[in-house]
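Listed next as structure tokens is one chain, alone, in the form predicted on its own.
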């Protein structure tokens, strides 16, 4: 086999030097027939970089083989990323691993070589060229190219969700790409928030959990109805009401990665599309404080959907290309929104009335979730989180007074948590201190003068219209 490959390389050199292209093509075609006749194996290269993009099949194979390498391979490369909770295994360079699938045996080999001098490229390529070589018998070609590779992809998805650390991504400055073509920088996501610890009305929380679980299990529904497999959530309410904790609870519940999109680092609509194309499936794309990031309420006087260029920090280097509202809408529900499956879009805001109504429609923000001040039912969860006790383990009189004053006090879960933390070792003392704080806040709210605003009724109507948008499809 080695001598035949050497003869093949020598033949190529002679062909390209002496013979014209027509004769070269005829010779190569004949040689391939002869070569395939004498060999019973076929070979497939799966490179890390496919053109200018990362090859998702390479990543899947790498993850799949890592699950086999620990017990099957004789030579392993071990790696543990910064802040990672687990060690990953992979094949060492030029080592092989045998796998079986439905009676078909295949051989995987990982080959790493130094990349030759690069020609001009719009982005630098890695110094090393990495490739997996798959060898199988010719008679098994249909199985390998069909169900086996599909099996590898599905197995990799399961392994990624169950064993790999979830990641929190943020977009690089100005949409720049790293050496492997990624515009996102990532760190392990270890936020401890779950729906069990989230301070929110239990019925409302159960409704949200059912909705996102219905989405995650709804692939066939979205395919049947011809809709992009995505869903949008708007989280609104005062600061400290748990919007970020809600996002973390969603990610931990579904096992999704989070992409925290910083719009002030994006200059143009085209950069926004590139960022979208580089997000993975099974992820949550977050735009926090959308009312503060940039000004999207820049329509013309007649209210027509004409979008002007955005000012200041979002103006491109040439001063003429910027993100527009239409670009963001295409990002959420236009043609570009279907470049990937099973993704959730989450917008957060402290002032929903400041948002353009076009952002709030169903199909863009399918469910509006009001993150309100702490209620008595949410307070019970905080007692369990911080004091390690149920409400029936506290003084009944104090508990009754807490229930009567908490709504009027209008304190956020974050504010109440700070009070409980001070005396968390003594649950009765913590409850009494919280009661005094709530009474003080309620008294202050009663004495607070009503704000005079000639446009108050108009503002309330606008907010009511925004929040009364359908929350279900």
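Numbering follows the first chain given and starts at 1. Because the structure is a prediction, the values reported are computed rather than measured.
FYI, the form predicted in complex with a small molecule isn't displayed, but the following is about it.
Visitor: Heavy atoms within 4.5 Å of the small molecule in the predicted bound form: which stretch in 101 to 109, 381 to 389, 276 to 284, 217 to 225 meets that?
Guide: Correct option: 381 to 389.
Visitor: Within a 4.5 Å heavy atom cut-off, is residue 42 in contact with the small molecule in the predicted bound form?
Guide: Outside the cut-off, so no.
Visitor: Going by a heavy atom distance of 4.5 Å, is residue 266 a contact of the small molecule in the predicted bound form?
Guide: No - in the predicted bound form, heavy atoms of residue 266 and the small molecule never come within 4.5 Å of each other.
Visitor: Does any part of residue 234 reach within 4.5 Å of the small molecule in the predicted bound form? Heavy atoms only, please.
Guide: Because no heavy atom of residue 234 falls inside 4.5 Å of the small molecule in the predicted bound form, the answer is no.
Visitor: Decide whether residue 188 counts as a contact residue for the small molecule in the predicted bound form under a heavy atom distance cut-off of 4.5 Å.
Guide: Although the small molecule is absent here, residue 188 would stay clear of it in the predicted bound form, with no heavy atoms inside 4.5 Å.
Visitor: Of 198, 251, 134, 152, which one comes within 4.5 Å of the small molecule in the predicted bound form, counting heavy atoms only?
Guide: Contact residue from the list: 198.
Visitor: Heavy atom within 4.5 Å of the small molecule in the predicted bound form: which of 202, 238, 357, 255?
Guide: Selected option: 238.
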